[in-house]
Structure formats: C-alpha cells, structure tokens
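In structure tokens, one chain follows: the form predicted on its own.
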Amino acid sequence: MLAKTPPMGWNSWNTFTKDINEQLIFETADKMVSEGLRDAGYEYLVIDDCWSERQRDENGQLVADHIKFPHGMKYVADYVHSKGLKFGMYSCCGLMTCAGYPASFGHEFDDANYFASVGIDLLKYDNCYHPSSESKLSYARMALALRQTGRDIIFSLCNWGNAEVWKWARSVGGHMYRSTGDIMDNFESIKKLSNSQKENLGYSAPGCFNDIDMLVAGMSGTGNISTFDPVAMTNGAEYKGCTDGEYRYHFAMWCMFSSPLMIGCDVRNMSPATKALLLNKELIAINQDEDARPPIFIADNHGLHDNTICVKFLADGTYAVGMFNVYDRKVTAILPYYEMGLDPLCGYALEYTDVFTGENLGVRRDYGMFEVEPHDCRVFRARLVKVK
C-alpha cells in the first residue's frame, strides 16, 4: 500500500513559488540529507508550479524550462534519487496551472507517461482553470492515467476542499487530498485551517490522508507566499511570520491530525528552533502512527471554548494528549478523564511524558491539568497506569 502513513517531505512553493531552478533543488536535497530530515522521514522532495516552459512542444508534450532546468527533469530526479529521496512534481487538472503554465486537462495520459519517464514518485495535482462540474472526474482521469504507467506514484489531490473532497478522494485513487484553501505564514491562517477540519478527520486513514496544507514552520516572514498579518496591515506594519510557540502549535496540530508533513521553509537556512521542531521524534511518531486514528476532541470546561484539547489513541496502547491555547494569555487547560471514557472510579489514571522536553511528569488522577503559554501548546505521550 502506498501512503500507509501520512507522506512527509518538502515542497518548493511556500518559500520560492516561481523562483526555482536546478541548483536550488540540488542544494535542498543535499540539506535534507545532511540536516537529518531524510532520516527523520521527510522523503519526498516536490517541485511545485512554474517548472515548465510556457508552451508545450510541437508534439504537445510538456517541456522543462530550459533556463531553470537546463538538463531536464529526469536529470533532476536522478540526483534527488541518488540522495535516497523520492521526487515529486506538479500539474493541474485545468487548462493551465494556477501560475499560467501548461496543465493536464485533455493531456492526462500523455502527461502521466511523461512524469513516469522522468521518474516521479509523487504528483501534486492542482485545481485551477477547469470546468466547474468536472472536479471529481478530473481527478479520476489523472488517477487512471497514473496507474496505467505501472509506476508507484503518490497522487496528491489539491482541490482546496471543494466538492467535499474528503468524501470521494479515496474512491478516485487519491493518497492525500487538500481539504483547505492555501495556508499563510500567520497564526490566524493556522487556526482557521485546522479548525475547519475537525469534523472531517474521520475520512482520513491509511492509504488516503486529509492534507491541511503545507507547513509554514520556520518561514518567519520570508518566502514568496503572503506573509502579512491582516491586523498589522491596518497599521502599515509588515508581518514577520509566527513566533516559535505558534510554529509549535502549528506543527503539533498537524501531527495530531495525521496530516501530511510537507516542509515549506528554506531548509538550507533553518534556525535551531525550527530544526529541533521539525526533527522532534515524538511528534513525528504521533503523526506517523500506523493506526492513524483521529483524535477525540474535548471541550474546555474552563470557558475557554476556542482552545483545542484532544486525545489520540495510538497503535502501541499509549495516548497522545494535545492542549492548544489560541488566547493571548497563559491558560490552565484541563482534561477530565471521563470526557475520554475513563471513569474516575475505575482504578486507572494517566502518566504523562512531555514530548518537547522528554520529562516524565508523573501520574495525574481524575484529570490532567497543565499551564499552556499563549499561542502555544503542550503535547504529551500518556499511558494508563493502575492506581490504588
């Protein structure tokens, strides 16, 4: 089975958009290895939009931009593969891509064969400029085309959550499906996207995962996607991305939700905090848990209704507990055990280990209560223990 767990990797769009080239991809592949990202599970290196010439060739075939990729895409794929990574590329189900390059509507089988000849392992398939009634069928056509190549290719549906994609992505051969609009490098965007999918996570499972969009962790206001805070803009101030706490919130939430983890920052210039976050073994293990169960969401009975408290059943019999604080002040978050099905009189409690520090925090009876910094989170690995 492809995509037994959520795919992990890096995508060029968030930081570089159109400013991609052969050398950038080679340097990124090198860094994914030397910085430990490959060994941590980030195996896909994906080139997004703007990689091709503006027109197909005389035979109607896609052609790599001769300035950005002078040796062609197979040369790039071979280099990526030589580093022990897998290679991904981009197309679109419409008449042209979102940035105005040739797309695959009406060319699905020719393009699938081209991608297979290059040696791709993942295709990101966008949603611009296609007939409005065609969404499901457009993705089904490309899935058929990819399958007939005989090559194992992760099919990443990027239709932005239109037409209730979570209900049919698996049936048309998808391995991951974008369920939201585009993420931006600000906390409001992170909250909006994650909150929008809480009711839909039950559709996500091994073989086909709900993709809440790529990671912005570590971008810190750099890159080519919009990095302006709507509040700061009213004062004429440029937004500088998120705080380290907000990036922890973002990355941990994506891990708890079993979303694919596609890094969007420039991995050649990661801060120590970004590198530590993206390489956090405990958070990655939660994301890559083989059962891929959605979490139980528990209402905060302190009146902090916008916070997220959740419990995820893990395959090894332990539990991931996440407490996410959206407020501008420190809060005390409480997990009453009866809200996760644990009767206070049953003789069992939870023992907590902090996934960020590795500290064993001991056994908490009846409820777990922890302080959470503003725009930040606490995440724990918990296990049931017998108490007197």
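Given the structure is predicted, the values throughout are model-derived calculations rather than measurements. Sequential numbering from 1, following the sequence displayed.
Although it is not shown, the form predicted together with alpha-D-galactopyranose is what the next lines describe.
- Looking at Y177, you'd find every heavy atom of it more than 4.5 angstroms from alpha-D-galactopyranose in the predicted bound form.
- None of the heavy atoms of L277 is located within 4.5 Å of alpha-D-galactopyranose in the predicted bound form.
- Among residues of the shown chain, F380 is not one whose heavy atoms approach alpha-D-galactopyranose to within 4.5 Å in the predicted bound form.
- When alpha-D-galactopyranose is considered in the predicted bound form, C98 lines it closely, a heavy atom lying within 4.5 Å.
- Of the listed positions (W160, W168, F105, Y114), a single one reaches within 4.5 angstroms of alpha-D-galactopyranose by any non-hydrogen atom in the predicted bound form, namely W160.
- This chain is displayed alone, yet in the predicted bound form one of V267, M214, I120, A252 has a heavy atom within 4.5 Å of alpha-D-galactopyranose; that residue is M214.
- Although the partner is absent from the chain shown here, none of R248, D354 and D376 has a heavy atom within 4.5 Å of alpha-D-galactopyranose in the predicted bound form.
- Here the chain stands by itself, but in the predicted bound form one stretch of 338-346, 325-333, 354-362, 43-51, 43-51, has heavy atoms within 4.5 Å of alpha-D-galactopyranose.
- In this stretch, 299-329, not one residue has a heavy atom within 4.5 Å of alpha-D-galactopyranose in the predicted bound form; the partner itself is omitted from this view.
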